[in-house]
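Only one chain is given next, in structure tokens, and it is the form predicted alone.
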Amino acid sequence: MSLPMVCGIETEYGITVLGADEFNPVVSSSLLINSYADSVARRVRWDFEDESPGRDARGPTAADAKPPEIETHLVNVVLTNGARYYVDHAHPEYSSPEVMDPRQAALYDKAGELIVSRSVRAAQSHLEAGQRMIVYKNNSDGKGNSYGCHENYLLDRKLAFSKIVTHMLAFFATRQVICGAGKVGAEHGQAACDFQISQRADFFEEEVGLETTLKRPIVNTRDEPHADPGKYRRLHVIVGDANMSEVSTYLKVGITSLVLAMIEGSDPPELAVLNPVGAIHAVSHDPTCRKLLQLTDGTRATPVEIQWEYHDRVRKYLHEADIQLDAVYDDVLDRWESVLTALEADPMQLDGVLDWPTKLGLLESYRHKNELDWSSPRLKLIDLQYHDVDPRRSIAHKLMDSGRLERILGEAEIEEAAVTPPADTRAWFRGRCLERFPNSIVAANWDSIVFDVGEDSLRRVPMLEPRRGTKEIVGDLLESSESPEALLEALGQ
């Protein structure tokens, strides 16, 4: 059982430039990131040497599978907070540094939102008169295209992938009632609806698979741990929404970590829905959360009842294994219970707590006030503006500022997380090296840093253990090293 659990969030952002005669998302995304990178530090490129997105947890990649392509020619930089900031196909993407608990995951995700917002302001000065760049932290452009918010969880390599599939399909199909971002209408050929719980659910077509942009699977099989492959596997979760609510992000990562820890540490009975792909669509299209799903044992249950079953199994496992949670995970467990209680009674009790009920309440109020039908484009505009990263225009930010949307993070700590890495993972070493010796680092990635200290060859420092390289372990050594050469000598590199 592995709690605290190394985790992190990758977020692709939607981007557009108003007033542009010809909008090119790749060029605009590059401008966005370059404008920020040029303003904060020397550019350190991403090292692609260890990238292997085509490795499949099921074994040799199936002939019809299409692993993600690595685009090494696009903008790709490393930040002093340990994060990766880059252009992924046609979107800007922020990948948070490795963290050790769901609160930190929410913190560094929100720090990424701040970085993107500052990037927009920096890029604006490079645009022509009359043009304005807008970036959205959402998952759909409303034209049939979806972009992701991916979570990552570091697991024991001994945990069989088949066991993950068995126990996580029903969990992921129903988890959206807690962490969905909400959306007006349907897409991707799904049945029409007024409002649905998740922005991503319509786009999932497979139960299990390697792809992330086509034939999207509920359980992704990418087997790229970015750590010692003999010890670890990384569960790459592509089924979640990008959240504006800090509570939604916190619970999304927290409850998933708890369920995965239970699966690692015990052998719970199977809990499976009969048609996971159909279930994820059906759950999203029912904001009452009362849709009955057929289980493989012949019974039926609502998504909330299925989440209750996972919650109760986690509590039972923790009790029987005599595991004492730290304050963060204990809070996650309690909040999970309170949220399920509210969902069972009336989901709108969570207006002001979770994203989708908050957005639904906002839209319903506006709709009734202005006597609008759900087909009104004004409602879709409100939906979109909820996700604007510019605090001056973002509806979500206005709700947070007014106290209408619950917060668990402080502005000062978000500001700090935008420039400072987490202290309790290897991200500390990566970020602090970039801060102290930027002119001597030519490249970095999750599990190594490449130094150029004027010798005939470059010096690579491996970091295969995510729980090392922390402030406690290397902080004094790093701060006492007056040069990169002294640091490398002290590390024995």
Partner chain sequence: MAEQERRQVSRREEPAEDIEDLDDSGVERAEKLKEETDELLDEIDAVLEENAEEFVRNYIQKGGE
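Numbering follows the first chain given and starts at 1. Treat the numbers as computed from the prediction; the structure is a model and nothing was measured.
The form predicted together with the partner chain exists for this protein as well; it is not shown, and the discussion that follows is about that form.
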For the partner chain in the predicted bound form, the stretch among 183 to 191, 164 to 172, 373 to 381, 418 to 426 with residues bearing a heavy atom within 4.5 Å is 373 to 381
May I ask whether E205, T288 and E413 all come within 4.5 angstroms of the partner chain in the predicted bound form, judged by heavy atoms? no
query = Contact between G14 and the partner chain in the predicted bound form at 4.5 Å, heavy atoms?
reply = yes
Check K143 for me: does it contact the partner chain in the predicted bound form (non-hydrogen atoms, 4.5 angstroms)? yes
4.5 Å heavy atom contact, E264 to the partner chain in the predicted bound form: no
| query | With the cut-off set at 4.5 Å between non-hydrogen atoms, does I323 touch the partner chain in the predicted bound form? | reply | no
Picking from R103, R335, H311, R233, the single residue whose non-hydrogen atoms come within 4.5 angstroms of the partner chain in the predicted bound form is H311
Students should find that, of K316, R121, R407, H126, the residue having a non-hydrogen atom no more than 4.5 angstroms from the partner chain in the predicted bound form is K316
Within 80 to 98, the residues having any heavy atom within 4.5 Å of the partner chain in the predicted bound form are D88, H89, A90, H91
